[in-house]
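First, one chain by itself: the form predicted alone, in structure tokens.
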């Protein structure tokens, strides 16, 4: 067995034949579309008819596009609020659910995961109705409890629309965050906690000195996933405000779609998509270096 493995490792032809199908698929599914986007971005194609080569004009236009940078800022705001608000709460709930045990553990685990199994279209339309300024549940409840002065046009006011959408997207993703942290908490070795209990450690000391340090790899993965998901947000934006009012709640993916398929600026949409890919790649590399450079064990 050992000789066979050594033979396969030393045989470059065999290694190439094993790797080639996967690499070919990667080329066709990932690199080729990116290359094609770069090619179209160098033209003035509207998506229909012929096109002309215009050099890097579309890329220069993206760098000067105020809406592009505003969309990127909105995605950064969503990522920041997700990491600083949603994730600490999700982590806390994951720890609490783990300590419940028995049937209650299963019940709460199911409850928190319900928003994740409902289609985004359904939850987005549900929140549009909740936020409706005329008949929406939120304004009705505020009026009922004597806080009518807080009634707002939640999706119509440029000053608050982004935060209204952030709340929707954090609610939609809360179950996933809890689930990943819960799986991480469940995988921690029981012996460590038993030893801490024997040594007299209280719950706070156990949480901050054992649970959180041991969960660092899971936290790192969850944070990276949250940031990339924030950059790629589109469905909820498209189904609720479509980036409006004006472009107050615009996000990169939705803006790209509008330019390519609504405004018939297909080449410019491809230029945005190239920058989009670069931003996602750079963000992933930087976060990987920042969050996974330490040895946790």
Partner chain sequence: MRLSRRAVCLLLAVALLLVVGGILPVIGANKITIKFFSNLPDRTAGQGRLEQLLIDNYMKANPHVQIEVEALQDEPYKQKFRVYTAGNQLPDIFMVWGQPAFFDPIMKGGYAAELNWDDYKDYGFFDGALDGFSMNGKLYGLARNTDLMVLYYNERLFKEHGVKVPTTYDELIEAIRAFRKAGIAPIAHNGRDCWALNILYQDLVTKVSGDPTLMYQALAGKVKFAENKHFLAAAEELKKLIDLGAFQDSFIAADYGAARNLFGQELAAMYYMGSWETGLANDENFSASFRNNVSVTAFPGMTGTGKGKSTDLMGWFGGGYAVSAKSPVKAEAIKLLNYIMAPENWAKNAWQLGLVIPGQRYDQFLTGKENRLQLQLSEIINKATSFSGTPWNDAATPGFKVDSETIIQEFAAGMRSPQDFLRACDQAAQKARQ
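Positions refer to the first chain, counted from 1. Not measured: the values here are computed from a predicted model.
From this point on, the text means the form predicted in complex with the partner chain, which you will not see here.
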>> Quick check on this chain: which one of 238, 39, 51, 59 has a heavy atom within 4.5 Å of the partner chain in the predicted bound form?
In response: 238
>> The chain here is shown without the partner chain. Which stretch in 109-117, 154-162, 203-211, 73-81 comes within 4.5 angstroms of it in the predicted bound form, by heavy atom distance?
In response: 154-162
>> Since only the chain is shown here, I'm wondering whether residue 43 would be in contact with the partner chain in the predicted bound form (any heavy atom pair within 4.5 Å).
In response: no
> If you check in the predicted bound form, is residue 230 within 4.5 Å of the partner chain, heavy atoms only?
Replying inline: no
> Quick one: does residue 125 come within 4.5 Å of the partner chain in the predicted bound form, counting heavy atoms only?
Replying inline: yes
> Even though the partner chain is not shown here, does residue 261 get within 4.5 Å of it in the predicted bound form, heavy atoms only?
Replying inline: yes
> Judged by heavy atoms and a 4.5 Å cut-off, are 88, 197 and 217 together in contact with the partner chain in the predicted bound form?
Replying inline: no
> Taking the partner chain in the predicted bound form, which residues of 246-261 have any heavy atom within 4.5 Å of it?
Replying inline: 246, 247, 248, 257, 258, 259, 261
